[in-house]
Each structure stands twice: as structure tokens, then as C-alpha cells.
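Let's start with one chain on its own, the form predicted alone, as C-alpha cells.
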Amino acid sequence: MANTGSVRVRLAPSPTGTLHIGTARTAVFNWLFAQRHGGQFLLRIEDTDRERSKPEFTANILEGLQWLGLAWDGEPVVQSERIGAHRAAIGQLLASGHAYRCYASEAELQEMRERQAAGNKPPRYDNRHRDLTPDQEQAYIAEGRQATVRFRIDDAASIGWTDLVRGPMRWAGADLGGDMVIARRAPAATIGDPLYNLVVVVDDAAMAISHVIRGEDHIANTAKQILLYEALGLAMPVFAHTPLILNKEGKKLSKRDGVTSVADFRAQGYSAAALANYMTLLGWSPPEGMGERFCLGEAAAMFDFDRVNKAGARFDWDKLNWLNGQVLHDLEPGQLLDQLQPLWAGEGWLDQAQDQEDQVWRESLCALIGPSLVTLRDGLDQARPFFRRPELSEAALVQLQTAGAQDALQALLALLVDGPLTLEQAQELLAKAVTAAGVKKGVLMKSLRAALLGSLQGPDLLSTWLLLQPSGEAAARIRRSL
């Protein structure tokens, strides 16, 4: 392993989509490892796919990382701005004989693939232009053909490395699909757009990356990239290939499984702390005694790859929901209000001008509903009856028509006065109303809940009443139900 005092890791997302949960988990592992060893966590935007890369996706990725608390060191490197260095490396490989120009047309390559498929053989380039003579090359140029640049891969090569997650790894050159394209088609004597495996190697070396931490779907790329490191004479990083995130059927998590982007999780009301906590558990087993709930700083103090699993990590919605609920339950009412107010404002529930009385009332509402929240979106549903008078459910209507219900509510309404009530005053009014109506207390309590919330389920009834009382809304709702 490289000297842990000089740990430099990177996240290299492609801005062709929003920040995916898999990329975010990779970011978490990189960040934790850098923090554990006092190193640096760098960011590189791999935007060389010109057609699909969009500035709004870059903005989404940066915002998602910041929201999760994954601060990076220095300015992000923009890959497309380094195309000169990439082309220079390709020129070096051409000059050294490690690479060559291939003039095979797309039609010829397609015919080759179809023939291989017909013979039940895996697709691979047959290296047909590896050893063109100068005359053959000139003949293709005279035809007006453009050339890709291919990197030579010896079928007899054996590529090995020690992976921090998987231990000793060995890959045969014959299994890498033939000579690899490292630059797209371009006119003779020019070099086309450099491709992924080449630019990653050049950029990681330029950024002095000590450890490349990424998903196991990159293992075949790693074998190819090691050959490029060697051919270019560049220092080799240490590799760690983390397990994929799987759905409950054991398949790679996809959009069909529901939300997969960090922005989607955020929109559904998951907190950054819970999501970061949960992503850490997707493939990493905390030490005994640590438990499954922690902040990123606590995980960083314990994180290393000896506890990262080889097997895929199954996404468990129940565990994420439990973690998120725990995070929300621990918030003080004022802290919860800070997170819920933007959602409430989005519904048009809040006045622009807010006085201290409003603040106290909203914090009291957060104290009431907070213990039952799983996501922040639940804070919309559970707060709605306090901002908008609810319709009466069928069960509430049935309750309001039971024997004694109307008499009990009429008796309570007759005792109500304007303004706030204390808990003791509310309990005293209930006792007087029960006596006046000649009903059991349970009849009044269930009927009052139906009147105030339009439902027979909800938060603590007396606290609900006390919140609705000062504005006169409690009396209005009781009056409506009579």
C-alpha cells in the first residue's frame, strides 16, 4: 500500500446524469478513507462525452456532494480542459510502438462482430491492422479513411494487482477483447478525441492519485489501465473495488427500483445525515460495539478496507427509513422546524411576516409531530391538519353520530372561551363537559379527535387541541361537526 501519509483519492463523476446513489456511495468511501489517513479527497468532472454532458448535471453533482457533507479539497478538475495532455500521451504511445492507427471501417467491424456472434464467440477486435506496412497505411489514407488509435494488448499478458477489497487479482490479456481503442476516428496524421481508459490514467497520474476507489464494474478497466500505466511509465496507484449496490432480488440497483439519485432521496424527505450513514453501511461492516448509527466523522475514525465486503450490498429501505426516523427524532423542535419550514412554505402555509408567537407555535407543532416522523415528507402530511381544516373521514362521521357524541361536543363548546389554554385548563374543561353531557370520557375524546382532525388517528389529542385553540380554530372545527 502507498504511504498513508500521502493518501490522495478522487471521485470522477460523469455529468451525463444526476448524482446516482452508487456514485455517492463511492464518494463516501473515498472521503472516509481520505479522512482516516489524513489525506485529500479530490474531484474530477469527466465531461469528455460532449453530447450527453450537461452543466446542470455538474451542478447537481456538486450540490449533492455538498448536501451530504462530502467537502472536497481544491478546485474540481475538468477533464475536457486537459485534452492536450491526453493527446500528448497518445502521441507518446504511437511513438513508442505501444499504439497504432487502425483504419478498419465501421462496416468491417460490424461484419466481424456478426461473424463472431454466429460462431458463439465473444466480441473482440481481431487486431487486423496491428502490423500494417507503410504502403498499406498509405493506401487506406488514399481511400479517405479515417483512423482510430488502438493500444496493443498482448494476449499472452498476465495482469495482476493486489486489491484492497478483493486481495490478489489476475487478468489474462486474452480476455480483454483485443487491442483497445484509445482515440476516436480522425483524419490521417491527427489524433481524435481520447477515450475513457486513456484519459483516466493520464489524469489520475497528473493528480498524483494514490488510491483509486471505485465500483467492481471497473475491474476489467483496471486491467487495461494497468497496461497503460506501464506503457506510459507512470506511477501505479493502489486499487480498491467496492461491491455494487443491489436491489432485493440481488440485481444491480436501477431506476426501476424507485429513486436512485441523491436529489430524489432528498426530495422524498430523507436527511443528509441518515443517507450518508446508510451509504456507509452499503458494503462496510462497522466494528463490534459501534452500532449501525453514526455520523461520517465517527465512521472515518474507524474506516478501512479490511471491513469492506466483496459481496454486493442489498439496498434495504426499512433500514434507511429507521435511520432517517432516528435522525429526525433526535432533532430539537427548532432544528426540525428549520428543515420543515421550506416544505410548509412550498405549500403556501406560512405567512411572509413571522413574529415570535408564530415561531413558538411552529416549534410546538414540531415537538408534537416529530416523534412519529420517518421522513420530512411525513412532516407535510402530519402538519397539514394544523394549517388547513381537514375533511371529515367516513370513520369520523360515524363517530360524530354515535350516542352522546353531539351532546358531549355541545357541552364542551359551551365551556370554551377565546384564547390559549393550559393543559390543566383543558383537562378541567373536559371533565366538566363529560359531567354536563352525562357521557363517558372516551366518547368525548374520540368525538373531539374526529372534530379537530377529521380522523380517528393522529398525534396526542390534548396537544392538538392546545395548538388549534389560540386562533379559534378548535371552536370552529367543533362547531362544524355539530
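All residue numbers refer to positions in the sequence shown, first residue = 1. Computed from a predicted structure; not experimentally measured.
Form predicted together with ligand GLU: not shown, discussed below.
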Proximity of Trp317 to ligand GLU in the model of the complex, heavy atoms at 4.5 Å: no
His218, heavy atom within 4.5 angstroms of ligand GLU in the model of the complex: yes
Touches ligand GLU in the model of the complex: Trp322 (any heavy atom, 4.5 Å): no
Ligand GLU contact at Tyr229 in the model of the complex, heavy atom, 4.5 Å: no
Which of 195-203, 118-126, 269-277, 398-406 sits within 4.5 Å of ligand GLU in the model of the complex, heavy atom basis: 195-203
Residue (of His98, Arg185, Arg362, Arg214) lying close to ligand GLU in the model of the complex, criterion heavy atoms within 4.5 Å: Arg214
Contacts with ligand GLU in the model of the complex, stretch 10-30 (heavy atom within 4.5 Å): Arg10, Ala12, Pro13, Ser14
